[in-house]
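We begin with a single chain expressed as structure tokens, specifically the form predicted on its own.
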């Protein structure tokens, strides 16, 4: 053993000398410098003391071998040395082609978190207890940026904190990271939707899983239960516990009155349904309700205006200081009678529930972008009026726009530039204006007070102006104009009015609210709403200067009228209905029920088979004249009264203007096929007008050729939406 110890000591001293020689001869070996470049990094960056631990192990193995070598011959020593060299070569070959999946953990300080040594210059300790220093990373942010710019593999380089080295990821590893970031499985071939294998099925198996015999406790009485039962028996005997009484049957019997009834009579009746319960009283019914449940003055006024059926509450909530001061409910008997009447007359029966998907009941409407063109944006604002602009009208060419206001002026605007070309002072609030639809003449009808003025604005070619003058002067060559029914007086303008462009004045017995032209441009209708007289509508012929009242009886308060665009029909809208008259046969052909309280405006489709009407109760009704006298569609898009409606002459569009300050554009396609219903789709809500005195948009009209819409409002402006 002493010899072996001496030999190991000699060997260690030799190895130390060789290492020192290597260190001293390091500068003399330029050829090996390239080989040791890669190792130098690892020597700097490796944190572990593998050399010391490995050298001890080698020394111990060498000592064992030398003890055996002393006993053997020299030849055997040579053989063993050759075998050791072969085995070392084999080992080296093994490690060159290492196929293990374990990571290269050069840090041998143990499997501890690297964060523990984050604030220290070392990373742990080797086997001799010396500190293993971290590698010196001289890279600052500038070097890192340059490396990022110049190194094409920078994006796939990852710094490993445990080994202190930079690892370049392969394509497979990058793909694996991408898959994991997307929330997918790491294995490409893994099928996450494989059918589930049921390990435990609900089928009863012939052979049980275990063949263990049943427990003894399952058929031997329990001692604890025996003790409980004995206690209960003792309590019953002592009278502490009393068993349930048997109910005496002699107290009273109830007999089924319908037991002997014939089953055939019962079969006629449906299954009984209980009457619906009256809802429990809420805060409104309280004699001292919270302040938010009490009506304000506006809410009370609105409640009084509504019909009893439309009111949310049948009473007005009131506040009393005490329950003693609450009076009796004035409508108590009436309300009880209504309740009893409802229970008596309401047919209650069970109905089979139909399971329908609610989404299937919604009609499949096209998207608005598929229904273009339609106006979407505000392009121009026509400013100049100082009062409400009640009526607007566009010339047949689409170049000029006329507007009438409460400030007593009629203005003519150029559509494209919003420039006011001409202004005519008519001396009164203008209720309605209408441009002659005949493109061969240039005339405008203006209604103010009880007069209808015929203006020639001279905003056209010479030929058109000459034909307009010829139409107005046709009657002068003949005899004097006849006064229709002795109440309408035709007269020519003179002096200043003539210079401003006023040609004719038609004096009416009452205030005129609307004027409208026939499509050919020779006939003009005027409306004078009056519930006491039948003189509410006049039809004037311009070329003959004649006027006539087509109705001999009062049919209700007339709101507005319109001519059919093609056929000799005349539409008259009263408060609740629209009557259609045949002017040739002089008879009423149809009466449309609007289902609204008060009609405000009306427009006829260019095809003539459809009518829309707006009402002051926020409704817009579409009538299909070939289908029914009731509305085909009721639109409730507006929150306030609908003031005006209009159809486009060429595009399948219609618009409605309301006091809520908005203009709603709807797409309305009418098909030639009578079996196909019209397609009505709201496409755009246009806003821009400012609410003034609770009034919003007062009139709306379309451009004759372009998909543009004009609107006039109570804010004294006219707006063009394109």
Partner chain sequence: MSQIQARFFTEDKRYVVDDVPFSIPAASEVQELSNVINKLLEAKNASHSKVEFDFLVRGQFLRTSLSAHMETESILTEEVVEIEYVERITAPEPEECMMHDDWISSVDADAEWILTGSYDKTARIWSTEGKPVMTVPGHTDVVKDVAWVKREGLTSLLLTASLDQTVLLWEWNSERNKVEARHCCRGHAGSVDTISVDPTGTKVRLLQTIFPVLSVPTDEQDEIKEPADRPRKKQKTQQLGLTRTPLMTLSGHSEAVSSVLWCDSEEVCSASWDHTIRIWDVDTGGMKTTLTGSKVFNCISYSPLCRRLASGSTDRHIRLWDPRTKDGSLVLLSLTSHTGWVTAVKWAPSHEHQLVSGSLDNLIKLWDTRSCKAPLYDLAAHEDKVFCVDWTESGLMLSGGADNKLYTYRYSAQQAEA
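These numbers come from a predicted model, not from an experiment. Positions refer to the first chain, counted from 1.
What follows is about the form predicted in complex with its partner chain, which we do not show.
Candidate site formed by 380, 421 and 706: every one of these residues places a non-hydrogen atom within 4.5 angstroms of its partner chain in the predicted bound form.
Distance criterion of 4.5 Å from any heavy atom to its partner chain in the predicted bound form singles out 397 from the list 165, 397, 549, 126. Residue in contact with its partner chain in the predicted bound form (any heavy atom within 4.5 Å), chosen from 245, 462, 353, 277: 462. Residues within 4.5 angstroms of its partner chain in the predicted bound form, judged by any non-hydrogen atom, belong to 412-420 and to none of the other stretches in 496-504, 412-420, 566-574, 279-287. At a distance threshold of 4.5 angstroms between non-hydrogen atoms, residue 722 is in contact with its partner chain in the predicted bound form. In the predicted bound form, its partner chain lies within 4.5 Å of some heavy atom of residue 651. Its partner chain in the predicted bound form is approached by residue 439, whose closest heavy atom lies within 4.5 angstroms of it.
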